[in-house]
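Next up is one chain by itself, shown in structure tokens, the form predicted on its own.
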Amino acid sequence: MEIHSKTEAQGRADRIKAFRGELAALLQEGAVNLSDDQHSAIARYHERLLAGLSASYDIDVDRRDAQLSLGMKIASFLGALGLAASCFFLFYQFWGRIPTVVQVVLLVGAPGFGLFATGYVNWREKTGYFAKLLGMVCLSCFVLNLMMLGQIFNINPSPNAFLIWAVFALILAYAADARLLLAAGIISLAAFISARAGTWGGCYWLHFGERPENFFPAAAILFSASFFSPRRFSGFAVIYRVFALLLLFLPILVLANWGRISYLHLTHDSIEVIYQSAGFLLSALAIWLGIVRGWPEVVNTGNVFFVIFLYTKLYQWWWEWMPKYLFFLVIGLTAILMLFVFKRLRNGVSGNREKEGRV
């Protein structure tokens, strides 16, 4: 089995650990009988495999490694926040005393140096924690530097800044294999696309959030990008899909309750009905697509928004006139009904899996 990313390597190590536990139980219960040579051969193979995966991808072989990795991730994140804040206040403390030429040189050169340092550290240090830390500090400095350059040269605000931040964040994310940097790049890219959609719709770009439909093109582009994310970058495709679904369902949820802010030239009630129906349909479609493609994050996101759309609609229908005890009884019965539906879906998926196994 070919390994392409740290996530796949960690998954293989977890399966080996589970196999060892199950094999020990089977041997103890007498379900299988392995000779000492066979048992030793399996153990030696797994030890060599785990050693190779640990050397190549720095995976967590046991529970102690996993606990230490969690601590290192938290320390890396807090260190990045501290260093970024330090750079911010350092700039504002001494910035007025520095000549303009030196300011421009610092602002232009700092991001390039940070990008080079991030790539170098990522190449030299296999765990990637220091590279991720440097990457987040570098992105913070880049955002700050671009804003200060705009102040120095009195440049008018533009949505193109979001695009520049997005490109730089994505470069850092792929250089350091950092999902937090990828999320920052996705947010900046979504803001740029949505602002451009707002200007095409006739509004000033700073007001793009007043029309939720402006986020739909960004959702479509991000979901399409998930199909082109290389496998060796752990979890990147998942982040693309989750952000795409959030940019789709959150605007639909807003429009389903406040139709007056829509681009559609219809009555407010008609717009709300359209988006309520779209919310139910698309969330159900997301659940189905996630089950078919094996995307648990899509299934979970679709489930969450389907429940939100359902309960919002129940509130609009019955809260004003129905006794409160009866309203919450309906909510409870609806939840029980959904449990039965999800159970049937799960049993159907398990049945199909058993048929494929027999074939």
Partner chain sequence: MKQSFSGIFRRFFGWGFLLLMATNIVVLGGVIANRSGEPEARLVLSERELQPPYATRKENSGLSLRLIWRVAEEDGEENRYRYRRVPAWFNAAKIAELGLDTGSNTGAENDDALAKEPVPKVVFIVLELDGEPYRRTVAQAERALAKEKEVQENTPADLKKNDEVSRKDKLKAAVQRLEDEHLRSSRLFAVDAGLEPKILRERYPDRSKCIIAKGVVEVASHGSSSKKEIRGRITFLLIENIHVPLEFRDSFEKAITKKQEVTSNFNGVRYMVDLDYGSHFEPWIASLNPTKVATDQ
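None of the values given here were measured: they were computed from a predicted structure. Residue numbers count along the first chain shown, from 1.
Missing here is the form predicted together with the partner chain; even so, the following discussion is about that form.
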Checklist entry - For the chain shown here without its partner, which stretch in 241-249, 152-160, 280-288, 222-230 has non-hydrogen atoms within 4.5 angstroms of the partner chain in the predicted bound form? => result 152-160
Checklist entry - Between the options S234, Q276, N145, S76, which residue brings a heavy atom to within 4.5 Å of the partner chain in the predicted bound form? => result N145
Checklist outcome for this item: With the partner omitted here, the residue among C87, A197, C203, L106 that in the predicted bound form has a heavy atom within 4.5 Å of the partner chain is C203
Checklist entry - Heavy atoms within 4.5 Å of the partner chain in the predicted bound form: does S188 have any? => result no
Next on the checklist: So in the predicted bound form, is the partner chain close enough to Y57 to count as touching (4.5 Å, heavy atoms)?
Outcome noted: yes
Next on the checklist: I'd like to check something about F130: if you look in the predicted bound form, is any of its heavy atoms closer than or equal to 4.5 Å to a heavy atom of the partner chain?
Outcome noted: no
Checklist entry - At the 4.5 Å heavy atom threshold, is M72 in contact with the partner chain in the predicted bound form? => result no
Item to check | Site check R20, V61 and L182: each within 4.5 Å of the partner chain in the predicted bound form by heavy atom | outcome: no
Checklist entry - Hey, which residues along 160-179 are within 4.5 angstroms of the partner chain in the predicted bound form, non-hydrogen atoms only? => result I164, V167, F168, I171, L172, Y174, A175, A176
